[in-house]
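Form predicted alone, single chain, as structure tokens, below.
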Amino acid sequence: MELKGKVVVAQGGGPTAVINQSLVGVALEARKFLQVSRVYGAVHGLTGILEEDFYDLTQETKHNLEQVAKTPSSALLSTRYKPDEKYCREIFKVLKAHDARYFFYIGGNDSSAAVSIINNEAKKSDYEFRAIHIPKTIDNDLVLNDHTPGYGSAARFVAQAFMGANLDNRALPGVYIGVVMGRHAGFLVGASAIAQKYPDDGPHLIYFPEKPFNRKKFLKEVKQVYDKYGRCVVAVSEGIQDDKGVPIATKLCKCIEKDAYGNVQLSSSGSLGDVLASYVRENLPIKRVRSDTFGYLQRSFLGCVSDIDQYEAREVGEKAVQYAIWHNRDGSIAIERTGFYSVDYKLVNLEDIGGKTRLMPDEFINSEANNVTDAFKFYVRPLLGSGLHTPHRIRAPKPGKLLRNGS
């Protein structure tokens, strides 16, 4: 069946460095089909649809779209609003009024749930309509995906940031703690391990949401590393939890905020890093203890983009259009790894994505739960893309001492 009408595309949730590649992939691919009368981009996600606030991307130049594709963050702007069935019914009414026959929503698992609700509304109304969820999230926590667009570039940023932090810490030794995004999944903090080039390189310790965090064990491990190297670099996921699943941030930090989905705003301050740094400073005889919270820097850092991430983000947008228009199907695009390194794209059921969270598998975390395994490094390295510069050290020999030779 050939559906004639408009395409509507929107972006939801946290921005990424490559989310606009998916947007442009949808826009340019959809403009090739004669049955598509217009391609609309909704401003501020689902909120923009409800308010009928659209860009007519059919009238945008290809050149400018390509420039937008290379620009981080959400060109259409985004939203964190949590839609319920009533809200989605109103959205569907707007889509129907504008003769929208194809809807593409670029987002995480919460966004896929919204696509499913809107699609069901169309079915109830016997309105011919195709809805596709296009994956994106720096957390890399969508089920049925080997990885998600946005993760590779954020992981590249994290790896390079820890390369720099390690160099700084080696020059002026002490304890450094870097707090990385990741509410439930440790894929992003795990990427810090790519900074480990030389045997004594940090991060020496990495802590994940998937494994219980114990402050006494943490302190003991920091001391062991410091005693061995005279310094210690630590990577911590913002979502680290105790053995009962309670986020450490909510136990130790004040002024905790929540978003529309009820999620604790773990990246809203540097409290977790400050608390952990204070704990080390108060319990170990180490004067130089510092912490940083990477926060939003990881999501849309200009100039730190994985080329692999870019290509795949573009292709998931293009494949979404092809599945909807050529194959007349609804669903969510998923990335499947087919070799080292190659991928393919498949369409999975919306209901199998929404509301579910993919975690780091056990084989990616070492037995002490304080670092990654080689299996994870093998998994993540291709995603960071090409041209990843790594640090080098002076290898020249030192001449013998003349005045301080112990004589």
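For clarity, every value in this text was computed on a predicted model and none was experimentally measured. Numbering starts at 1 and runs along the sequence shown.
Another form, the form predicted in complex with a further copy of the same chain, is not on view; read the next lines as being about it.
Mapping the unseen interface onto this chain, Gly303 counts among the residues with a heavy atom inside 4.5 Å of a further copy of the same chain in the model of the complex. Heavy atoms of Arg299 reach within 4.5 Å of a further copy of the same chain in the model of the complex, making it an interface residue. Although the partner is absent here, Glu60 lies within 4.5 Å of a further copy of the same chain in the model of the complex, judged by heavy atoms.
Although the partner is absent here, Ala97 lies within 4.5 Å of a further copy of the same chain in the model of the complex, judged by heavy atoms. Each of Leu77, Phe157 and Met163 places at least one heavy atom within 4.5 Å of a further copy of the same chain in the model of the complex. Heavy atoms within 4.5 Å of a further copy of the same chain in the model of the complex map, among the stretches 352-360, 47-55, 371-379, 334-342, onto 47-55 alone. A heavy atom within 4.5 Å of a further copy of the same chain in the model of the complex is found for one listed residue only; from Val348, Val68, Val36, Leu28, this is Val68. Of the listed positions (Lys124, Lys93, Lys217, Arg329), a single one reaches within 4.5 angstroms of a further copy of the same chain by any non-hydrogen atom in the model of the complex, namely Lys93. Residues Arg281, Lys287, Arg288, Val289, Arg290, Ser291, Asp292, Thr293, Phe294, Gly295, Tyr296, Leu297, Arg299 are the members of 278-299 with a non-hydrogen atom no more than 4.5 angstroms from a further copy of the same chain in the model of the complex.
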